[in-house]
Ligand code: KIV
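The chain that follows stands alone, in the form predicted alone, written as structure tokens.
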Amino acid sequence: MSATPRSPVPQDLEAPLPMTLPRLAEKKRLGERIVMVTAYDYPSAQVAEAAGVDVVLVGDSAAMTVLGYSTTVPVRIDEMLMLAAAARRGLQTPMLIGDLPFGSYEASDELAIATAQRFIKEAGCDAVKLERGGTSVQRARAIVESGIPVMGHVGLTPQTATALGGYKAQGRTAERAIGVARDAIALQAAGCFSIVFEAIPAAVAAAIMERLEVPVIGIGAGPETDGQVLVFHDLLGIYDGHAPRFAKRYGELRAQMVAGVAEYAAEVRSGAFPSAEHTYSIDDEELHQFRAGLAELA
């Protein structure tokens, strides 16, 4: 018996192709904006997937938005791996990038490679991200040469914010702007497939981009970058901490979450919840037998 031929899947119903490094480079070449967002767990990754973003970053910003640290510095490798693995389970199409936390790559090329390998092997990331130029350029080169794609990050680098004078825009003087440009160009030369520009003047970002061939993802770096990234909890209004100037809010979910939990608490205290529609029933005869048996229990 011959198999019944399958009807072709309508073009608009075909599953989107997974994001890859070549596709990311092609989007830059075609002038198509790249959408990146952070995600730190299975539910938020599912939201990113359903929303059709291109890239998901498990950022060390999770230290503050999810884990309750005051800065990104204390977050550990095992914590980042747990969050990245959870995000991986919620994704099919977007590229997944894991942020290498502070202290996990700076000391040596060997340490950098070993940490990056854990993000690929244990968490299922497609690539890793590290911050700054300087010695990080050498670490990026070593990781790339080991076969793992690397995204760079220049401008405001939260892991070393204290050395930069705090959480503030970078590159606002000619000297500082040259430093940002030097770092970006060096990271590209080291083999980074993309670079994040954070909190630098839009005009500086636009000028540096003329010297770069890899996709540039901006966060507080103006509209001329190849794409944008925002922190999930900032853009949806979930995080109650300080919101940076560049973090546009597209929702106020925290207020809705508080209101929902408060309403639940009020109904529990008043006895309104649970009502009959939220409970299970038992057949009358079975209930009668149960009560008879219960009465016989010691």
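Numbers follow the displayed sequence, beginning with 1. All values reported here derive from a predicted model rather than from experimental measurement.
The protein also exists as the form predicted together with the ligand; that form is not presented, and the subsequent description refers to it.
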Quiz prompt | Arg139 within 4.5 Å of the ligand in the model of the complex, heavy atoms | solution = no
Quiz item: Heavy atoms within 4.5 Å of the ligand in the model of the complex: does Glu198 have any?
Solution: yes
Quiz item: Taking the shortest heavy atom distance, is Ser44 within 4.5 Å of the ligand in the model of the complex?
Solution: no
Quiz item: How about Leu57: is it within 4.5 Å of the ligand in the model of the complex, going by heavy atoms?
Solution: yes
Quiz prompt | Residue stretch of 260-268, 46-54, 25-33, 226-234 approaching the ligand in the model of the complex, non-hydrogen atom distance within 4.5 Å | solution = 226-234
Quiz item: Of the options Ile219, Cys192, Val216, Val204, which one has a non-hydrogen atom that comes within 4.5 Å of the ligand in the model of the complex?
Solution: Ile219
Practice problem: Would you mind checking 122-139 for residues with a heavy atom within 4.5 Å of the ligand in the model of the complex? | Solution: Lys129
